[in-house]
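Just one chain follows, in the form predicted on its own, and it is written as structure tokens.
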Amino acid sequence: MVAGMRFGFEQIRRLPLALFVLLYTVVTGGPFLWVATMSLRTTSEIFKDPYGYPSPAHWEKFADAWTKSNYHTYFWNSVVVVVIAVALVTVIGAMAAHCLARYRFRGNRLMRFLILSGLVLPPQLLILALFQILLDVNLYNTLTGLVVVYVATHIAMTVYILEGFFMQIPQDLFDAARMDGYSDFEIFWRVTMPVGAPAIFTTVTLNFIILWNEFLFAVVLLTDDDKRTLPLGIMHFMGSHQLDVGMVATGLMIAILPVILIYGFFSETMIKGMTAGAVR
């Protein structure tokens, strides 16, 4: 009986937390589900019943949004820019974090301060300087220039996350690798990168989500329609379909789905990896 009372008391204590989680899920997931249902309905159906269920579901709207506008160009521009930028910022950031975490050299603290100072600078202060720099080096209005900007602006966050994790890797692993004759470069690739995979997964996912939705730099540094990324394309798409609410919802779902899939596939992997990394 005492055990039953204790179990009931624990359930009551957890009730406020459960209610908060439920409320948070409704607030954050509700708009997504609403847009998902609208993406499968026509505008006339939405105006007739804004919160109705898609019956029948108009799956052909996704093909229409993809083929009857420049949406496919915007989508693939974002894929190319974000994938290359995330790959570069991950490798460069991991190398910098490994160096700052494992080696002691003159200017170590100054280098860390200069890199991490990028975390306190708002993008609005950088945009004019970046615009002029890209203009001077003939990279303005190019996807290459946008990739360079993305890498430069996300190095600080990547180094900040990875350095803290790399510092927790036991020194014995590096000493053993050194005794086996590994060079500094081999130690980075064969020890730091595999053991630091949980933190690397975290930075890859965060950078991908942030850059996939990035708008400010893209809208200032790109002008040609065939070079627009997806956030700019959505703005143009919405302008072309101001009265077609259903088609706008379909376009938004095409942009949202990659982020949902990335998070769905890697969230559990990151959690398990972080636990395994802590155990190691």
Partner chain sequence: MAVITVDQLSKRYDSTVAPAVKEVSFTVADREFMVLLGPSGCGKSTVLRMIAGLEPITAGTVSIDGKVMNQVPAKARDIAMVFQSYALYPHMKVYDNLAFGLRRRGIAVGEIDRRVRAAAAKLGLTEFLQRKPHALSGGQRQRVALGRAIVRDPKVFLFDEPLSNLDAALRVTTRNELIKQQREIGTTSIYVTHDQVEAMTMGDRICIMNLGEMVQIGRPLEVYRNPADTFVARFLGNPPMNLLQGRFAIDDGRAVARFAGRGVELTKRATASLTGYIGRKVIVGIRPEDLYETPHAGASMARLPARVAVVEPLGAETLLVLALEGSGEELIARIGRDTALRSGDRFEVALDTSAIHLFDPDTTKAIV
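Residue numbers count along the first chain shown, from 1. Bear in mind the structure is a predicted one, so any value in this text is a computation, not a measurement.
Omitted here: the form predicted together with its partner chain. The next part is about that form.
J.: When the contact criterion is heavy atoms within 4.5 Å, does R190 count as touching its partner chain in the predicted complex?
T.: Yes - in the predicted complex, heavy atoms of R190 and its partner chain come within 4.5 Å of each other.
J.: Within 4.5 Å, heavy atoms only: does H72 come near its partner chain in the predicted complex?
T.: No, H72 is distant from the partner.
J.: Does A176 reach its partner chain in the predicted complex if we count a contact as any heavy atom within 4.5 Å?
T.: Answer yes; at least one heavy atom of A176 falls within 4.5 Å of its partner chain in the predicted complex.
J.: With heavy atoms only and a cut-off of 4.5 Å, decide whether Y182 touches its partner chain in the predicted complex.
T.: Taking the distances in the predicted complex, the answer for Y182 is yes, it comes within 4.5 Å of its partner chain.
J.: Going by its partner chain in the predicted complex, which residues of 192-229 come within 4.5 Å of it through any heavy atom?
T.: In sequence order, P194, V195 come within 4.5 Å of the partner.
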